[in-house]
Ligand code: H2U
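Only one chain comes next, encoded as structure tokens, the form predicted on its own.
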């Protein structure tokens, strides 16, 4: 057993980032008199004439969507980063203060932002899709990554689901931000994974998956090609980590059978979240693949799922106070969270 802290406060190390999280299981007993969010409700229309992402509608930019019938992607009309313009490029050094360069350093950032419409059906979600519909979304992820990776250092596939996670449009969609620099989280994960590989000649997350499958304490569900765990170092109450069962650099390395198995396990996992909270569970999810196109035997493809809900569909975890000023902290132990997700699957989740 690795839950050595039992019901007493303790810290756990995250080998993927090198950071620590404080676990305080006894705090689940405290009464709650704080903010209670409204229950998450979905739309009940398959087409919304005012939606910028529905087929055939005109977006805020003036562009008109095609009458798409399958997953479809386009360049974000309001991107966070811009495609490089050689005539206007500014060297990074030009933005450095001549007085104290170590204190006032900046660099240019360029890239490409894409919006991925998962379905023409305005009211559906990934958790409500059939396996065939999920396979189509996965194929779009793969195609987009395959196109963007040769041109950008980091390709971040992600989805913010629900208003609680800042999603501004209920139409089922995700995004990709492909950037020409290695972001903070990617840099930490690369450093840690490279160090582990140098010492053990095996990917860190492969070693971790094998141990989790042996222990069975935090495994939520698994199939032939994929395993879902609540990570030992989880920060969010019902955070999960989705891992392939062989070393893969990035999404565009998935074989057809792995894509089919991924659709199946996504249906189970996302259905478990919805069933556990009796609502369309909000979350942020994202894929971390190896930087660039160079072979990366040290890196293991993985997806993070971060639902914010804590006690119910209307009570969320807030990252404030000690979390912002000192260190991440959680109340519910990862082992209890994993057990509750397993029960959700066995009691009726897809």
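Predicted, not measured: the structure shown is a model, and the values here were computed from it. Positions refer to the first chain, counted from 1.
As for the form predicted in complex with the named molecule, it is not shown, yet the points below apply to it.
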Interface segment, criterion being heavy atoms within 4.5 Å of the named molecule in the predicted bound form, picked from 197-205, 135-143, 168-176, 100-108:
168-176
Though the named molecule is not shown, can you say which of 47, 306, 68, 52 has a heavy atom within 4.5 Å of it in the predicted bound form?
52
With the named molecule left out of view, which of 85, 255, 211, 77 would have a heavy atom within 4.5 Å of it in the predicted bound form?
77
Residue-level contact is defined here as any heavy atom of the residue lying within 4.5 Å of the named molecule in the predicted bound form; does residue 60 satisfy this criterion?
yes
Against the named molecule in the predicted bound form, would residue 115 count as a contact residue? Criterion: heavy atoms within 4.5 Å.
yes
Taking the named molecule in the predicted bound form, which residues of 248-275 have any heavy atom within 4.5 Å of it?
none
